[in-house]
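Okay, here we've got a single chain as structure tokens, the form predicted on its own, with questions on binding and movement later.
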Amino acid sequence: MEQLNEYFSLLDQAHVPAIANIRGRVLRSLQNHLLDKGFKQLMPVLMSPITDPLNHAVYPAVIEYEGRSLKLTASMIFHKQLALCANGHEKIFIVAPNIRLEKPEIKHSGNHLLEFSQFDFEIRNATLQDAMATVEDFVKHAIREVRLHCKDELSLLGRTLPDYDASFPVYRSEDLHAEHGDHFEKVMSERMTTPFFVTNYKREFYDRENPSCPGTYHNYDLIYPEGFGEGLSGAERECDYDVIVRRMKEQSMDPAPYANYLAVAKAGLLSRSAGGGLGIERFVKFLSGKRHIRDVSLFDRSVATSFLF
């Protein structure tokens, strides 16, 4: 009962409606902005025979239905690629719930949830630079909208948001690693006063490898300043069947669960594309100045939490 009383006292605090208003403004601004630019909005996919294999270990999130194993969506990466095959779907976005049953080793991160939402987008025939330009455009737009329409909320939270006029800086991961070591993202996030991009991470097989420089990759992260950390990951996508198979072998992946996806790739139906996924809760955390991600959610889904509801 003591936990319940503490929980409901937290729900009664003044910051709760302020954060809700900021979240609503963020979602409205992102959706309207991309709709005005000709994007199609898709509805999310919550379960599938395959989902994002991720580049770090999580507990499996699987349900059994009619003798089949269906995975709860960790991200809509494959469905985004497949959706671009549809007529008129050159540019798409989704507000997509994700389930990632993170292991307790990262319970002190303050930046991870077991259940969260991504503002996912993908653009046919786009490059890495196109994707980063799209991200910078909609992130700056959302920040301007929050500054304009949520002045009272920001004041209540004691948060001042700059108007980021200059282009977001771009760094390469190998350069930052050489200068700052393994924790270069954390170091740079704490030093910077503007959001910035970092490119070239060795990640999942679907991030496109640079064919002219093997071992380097056309992908990126968006990192928030003031120590708020990573907020978005994206990339150009591998679409060549032979390259996809080779990359899966290099990562010791079993191709069998991906048979249908690989058949589409083998038939040459996957388009060149680029995109990314913005974590909504992390964005709201940055905008509101909260230091733990549980503080921007009514229902705590942080790692190693004890669920009340």
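Everything numeric here is computed off the predicted structure, so don't read it as measured data. One rule holds for the numbers: they count along the sequence shown, beginning at 1.
The next section is about a form of this same protein that is not shown, the form predicted in complex with a further copy of the same chain.
S.K.: If we take heavy atoms and a 4.5 Å cut-off, which stretch out of 184-192, 75-83, 167-175, 228-236 is in contact with a further copy of the same chain in the predicted complex?
M.R.: Result of the contact check: 75-83.
S.K.: Suppose contact means a heavy atom within 4.5 Å; in the predicted complex, does that hold for all of Arg23, Arg68 and His89 with a further copy of the same chain?
M.R.: Every listed residue reaches a further copy of the same chain in the predicted complex, so yes.
S.K.: May I ask you to choose, among Glu64, Asp254, Asp242, Glu250, the residue with a heavy atom within 4.5 Å of a further copy of the same chain in the predicted complex?
M.R.: Only one listed residue qualifies here, and that residue is Glu64.
S.K.: May I ask you to state whether Pro214 is within 4.5 Å of a further copy of the same chain in the predicted complex, using heavy atom distances?
M.R.: Pro214: no contact with a further copy of the same chain in the predicted complex.
S.K.: Is the gap between Pro104 and a further copy of the same chain in the predicted complex 4.5 Å or less for some heavy atom pair?
M.R.: Result yes; Pro104 sits at the interface with a further copy of the same chain in the predicted complex.
S.K.: Answer with yes or no whether Glu281 is in contact with a further copy of the same chain in the predicted complex, where contact means some heavy atom within 4.5 Å.
M.R.: Yes, Glu281 lies within 4.5 Å of a further copy of the same chain in the predicted complex.
S.K.: Using a 4.5 angstroms cut-off on non-hydrogen atoms, would Leu54 count as touching a further copy of the same chain in the predicted complex?
M.R.: Contact check for Leu54: no, nothing within 4.5 Å of a further copy of the same chain in the predicted complex.
S.K.: Looking at a further copy of the same chain in the predicted complex, which residues in 1-24 have at least one heavy atom within 4.5 Å of it?
M.R.: The stretch touches the partner through Met1, Leu4, Phe8, Leu11, Asp12, Gln13, Ala14, Val16, Pro17, Ala20, Asn21, Arg23, Gly24.
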